[in-house]
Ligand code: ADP
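Next comes just one chain, in structure tokens: the form predicted alone.
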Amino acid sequence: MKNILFIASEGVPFIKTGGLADVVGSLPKYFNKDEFDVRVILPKYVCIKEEYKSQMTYLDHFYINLAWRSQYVGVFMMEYQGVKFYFIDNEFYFGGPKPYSYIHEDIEKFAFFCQAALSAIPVIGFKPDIIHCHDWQTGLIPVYLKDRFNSGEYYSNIKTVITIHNLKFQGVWDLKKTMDITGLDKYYFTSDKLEAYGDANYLKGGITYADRVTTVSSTYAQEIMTPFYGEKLDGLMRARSNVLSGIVNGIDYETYNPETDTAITANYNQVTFRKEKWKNKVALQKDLGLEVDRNKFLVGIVSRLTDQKGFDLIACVMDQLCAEDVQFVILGTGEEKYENMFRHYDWKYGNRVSANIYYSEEMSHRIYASCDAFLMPSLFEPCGLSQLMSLRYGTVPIVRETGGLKDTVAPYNEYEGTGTGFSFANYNAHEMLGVFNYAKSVYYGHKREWNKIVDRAMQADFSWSKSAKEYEELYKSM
């Protein structure tokens, strides 16, 4: 039996700001329970919903020294869907309305969390064989394990994995202050360890000291070794390429299931989508004030509205995209310029563009179920979950070939009759427009071919059980 301990700053259903939470909260329950005992440590944020806090049981508390102060650490526990979750309590650090705040506060908060989580291991009585760290917030864990937590029955021979969910976020702060906060010796703050470009960098420490480094798709693992995607750490990524690998995230196939989804108008599956899927489209068109026509090419966008997601490409050619025979439905919030751009096109083309500048889980399900295609032209995309949900709901993705999008969407080949979506390679608005128009021509001109693409998309397996098997292989190889 291998003991695996996930340590992370967020996890569903307790706290979520992004895809990281889905991995940490969903993946553990899919491991083979006969071979792996997987548990999770999270911060006990004050903003976690009361329904979960009320189910946590207090285990113990103790004090640790952070820099020159003594800090309280409470340890709570709760079992959820068969997985044991532990929570580190300290209201000074984990108060406030959301999990993250200003970077200088987060640097101290997560230095505390890393030490507290490691110190809690004897309290929970669980000796991990492998600690699986996630993102920069837990980057100090492999470092502390080499430093003050390198001996004793609970800490000897622990191996570490760090997963990079998005290399853009690294936990960078002033070198002297970080040295003071972490209590680590200056030996650790050199250019081959935690120092980068004059500052301290938590993620760099984690990547340098972890036994294995993973990221959330194999293409992204290759991309981050290049200067364009490497966020100034490409040299380090190349140096660690012998322990670097990519495993695509999954989605929860129980939550995202067009056959049982209660948020959508008409349920359907891979066999019945031809007869049922359009009913969702017509209901959505009615609700959003779009022209009601079951044959119109309806395209969805569910996203954070940021540069990373390729919205500057859409801005270039939005007028051409909004041709007479297309409808768009957009859901999400983000940069003001993109929110306003979509509001403008909603005003300009009222009966064929619907801009919903807010976020709603239920509405996202309705869009995945109603649309014919889903547009996602990202500049970079470590994994991406929206295209996986689209495939699951038989909504054909139109994506740029980067990161996880390249690994999960097979481009349509009309000669071989293969593929689950449409893709373009260069970050170029007119190349995107060309592929978009090609997809549209298949939809209108070759309906049987289009339905076969939908059929293949719905057969693709991106469930967590598939990812879990790959992580199991990784852990065994260590």
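Residue numbers run from 1 along the displayed sequence. Think of the rigid core as the biggest set of C-alphas that the two forms share within 1.5 Å after superposition. Just so it is clear, the structure is predicted and the values come from calculations on it, not from any experiment.
One more form of this protein should be noted, the form predicted together with the ligand, which is absent from this view; the next part is about it.
A.B. asks: Taking the partner as it appears in the predicted complex, which of 231-239, 120-128, 328-336, 100-108 has residues with heavy atoms within 4.5 Å of the ligand?
C.D. replies: Heavy-atom contact with the partner occurs in 328-336.
A.B. asks: Does at least one non-hydrogen atom of R274 fall within 4.5 angstroms of the ligand in the predicted complex?
C.D. replies: R274: no, not in contact with the ligand in the predicted complex.
A.B. asks: May I ask you to check whether Y197 falls inside a 4.5 Å heavy atom distance of the ligand in the predicted complex?
C.D. replies: Looking in the predicted complex, residue contacts with the ligand do not include Y197, since no heavy atom lies within 4.5 Å.
A.B. asks: Might D185 be said to contact the ligand in the predicted complex, defining contact as any heavy atom within 4.5 Å?
C.D. replies: No, D185 stays farther than 4.5 Å from the ligand in the predicted complex.
A.B. asks: Spell out, yes or no, whether the shortest heavy atom distance between H344 and the ligand in the predicted complex is within 4.5 Å.
C.D. replies: H344: no contact with the ligand in the predicted complex.
A.B. asks: Ok, V302, L313, L321, V143: which has a heavy atom sitting within 4.5 Å of the ligand in the predicted complex?
C.D. replies: Of the candidates V302, L313, L321, V143, V302 is the one lying within 4.5 Å of the ligand in the predicted complex.
A.B. asks: Between G205, G384, P377, G394, only one gets a heavy atom within 4.5 angstroms of the ligand in the predicted complex; which residue is that?
C.D. replies: It is G384.
A.B. asks: Going through 1-32 from first to last, which residues have a non-hydrogen atom within 4.5 Å of the ligand in the predicted complex?
C.D. replies: Contacts from 1-32: K16, G18, G19, L20, D22.
A.B. asks: When the rigid core is used for the superposition, does Q222 move between this form and the one not shown (threshold: C-alpha shift of 2 Å or more)?
C.D. replies: Result for Q222: no, shift under 2 Å.
A.B. asks: E401: with the rigid core matched between this form and the one not shown, does its Cα shift 2 Å or more?
C.D. replies: False for E401: its C-alpha shift is below 2 Å.
A.B. asks: So, superposing on the core, is the move of E339 at the CA at least 2 angstroms between this form and the one not shown?
C.D. replies: For E339, whose C-alpha is compared between this form and the one not shown after core superposition, the shift is 2 Å or more.
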